[in-house]
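Next come structure tokens for two forms of one protein chain, structure 1 first, structure 2 second.
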Structure 1
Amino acid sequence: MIIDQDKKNMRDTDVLFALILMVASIALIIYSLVISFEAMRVTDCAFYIAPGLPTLLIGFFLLVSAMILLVTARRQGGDLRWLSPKKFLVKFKSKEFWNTVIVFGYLFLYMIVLWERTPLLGIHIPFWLATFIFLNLMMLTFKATKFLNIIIISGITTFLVDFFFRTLARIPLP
């Protein structure tokens, strides 16, 4: 039987994800029971209105679904042998992987580090500066256009966004 590589990769990850889901749903079931009995003890309520009932049901169905996923993926040739350092090295070398990491990294920098009072830098960076830096970094890294154009585009965008949201829509941007 011929299975194409993409599908094989998909089933491999499915196996891993199914296992993670199963562990998570078992933890969820235990958690639901704990909070339900805690709530029943404190507020003296019946089980049918305990806060853990719906999460218990979700946990149960999630467990069943994860099992089905595991069985299906196994039948279609998924396994966990791909979790070897060698295969990871190949992945690390691919450009796509690094691009993904960089985009997430910039988003993290913009959304978490530069926004509001930054816990890491300890100083307050105004919104427009953070936006300006983010736009420049993103466009420079991916070589969107000429350097000067990038600065101009970033500047105009920053100004427009700041003007629209802060001045027109009266949103208190940091």
Structure 2
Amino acid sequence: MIIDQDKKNMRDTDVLFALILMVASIALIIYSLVISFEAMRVTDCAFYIAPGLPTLLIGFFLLVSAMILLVTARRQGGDLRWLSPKKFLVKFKSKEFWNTVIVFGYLFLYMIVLWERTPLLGIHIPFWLATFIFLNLMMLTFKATKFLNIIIISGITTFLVDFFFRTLARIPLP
């Protein structure tokens, strides 16, 4: 039994997320089978050593997890009625909805625009600079702290991420 509206909202979004995750998991399973069968055809290898097996296992695990999430959310009162035009319009006008849109917009900017060649300019922005810009934008938008603190926090975080991945873990960054 759901007691408050926040829990009800969470269960409602859990239902939607579970359905999306189920579709994505099925697509991942199909993709893993396609690459496995192609590898088996080309190299004459067995299925258990084909490159798609780990992806198949991940897809299957995600599908089972999504199904459990869906059943749990439904049992606790979650549904998709909030997607009706009238109710969705209320959510569409909420601050939380637009904060989510802003975060995804910044993530798109960070991963698609800043990690590759910048559109129009055609220049490559280094990973550390893209990370620094992203962190500053996020903290400035949501007024995390004073401007000087944002610069300092972004600088230290960017340095540490770059140092740990590039130097210590020797993982190449975009």
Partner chain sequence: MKLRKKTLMTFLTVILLICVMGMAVAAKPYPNKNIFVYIFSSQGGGTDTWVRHLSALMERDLGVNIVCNNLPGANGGNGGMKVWNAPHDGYTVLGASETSMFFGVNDVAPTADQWNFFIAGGSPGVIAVHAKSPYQTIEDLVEAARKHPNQIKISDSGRGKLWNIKAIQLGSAVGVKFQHIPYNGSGPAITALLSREVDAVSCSAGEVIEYVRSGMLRPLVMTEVNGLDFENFGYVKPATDYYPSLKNGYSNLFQWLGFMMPADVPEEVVAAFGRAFEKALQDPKTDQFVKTQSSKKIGLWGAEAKKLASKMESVASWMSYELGLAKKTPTELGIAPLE
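C-alpha atoms forming the largest set that superposes within 1.5 Å between two forms make up the rigid core. These numbers were taken from a predicted model, which means no experiment stands behind them. Structure 1 provides the reference sequence; residues are numbered from 1 along it.
(message) Can you tell which of the two structures I gave is the form predicted on its own?
(response) Structure 2, not 1.
(request) Please indicate which of 43, 34, 143, 92 marks the hinge of the motion between structures 1 and 2, where one rigid part turns against the other. (result) Every other option is far from a hinge; the hinge one is 92.
(request) Tell me how far the smaller rigid part swings relative to the bigger one between structures 1 and 2, in degrees. (result) That works out to a rotation of 27 degrees.
(message) Rigid core superposed, I'd like the Cα shift of residue 87 between structures 1 and 2 in Å.
(response) For residue 87, the alpha-carbon shift amounts to 2.9 Å.
(request) Determine, in Å, the CA shift of residue 161 between structures 1 and 2 after the rigid core is used for superposition. (result) Taking the core as reference, the C-alpha of residue 161 is shifted 15.1 Å.
(message) So with the rigid core superposed, the C-alpha of residue 105 shifts by how many Å between structures 1 and 2?
(response) Rounded to one decimal, the shift is 5.2 Å.
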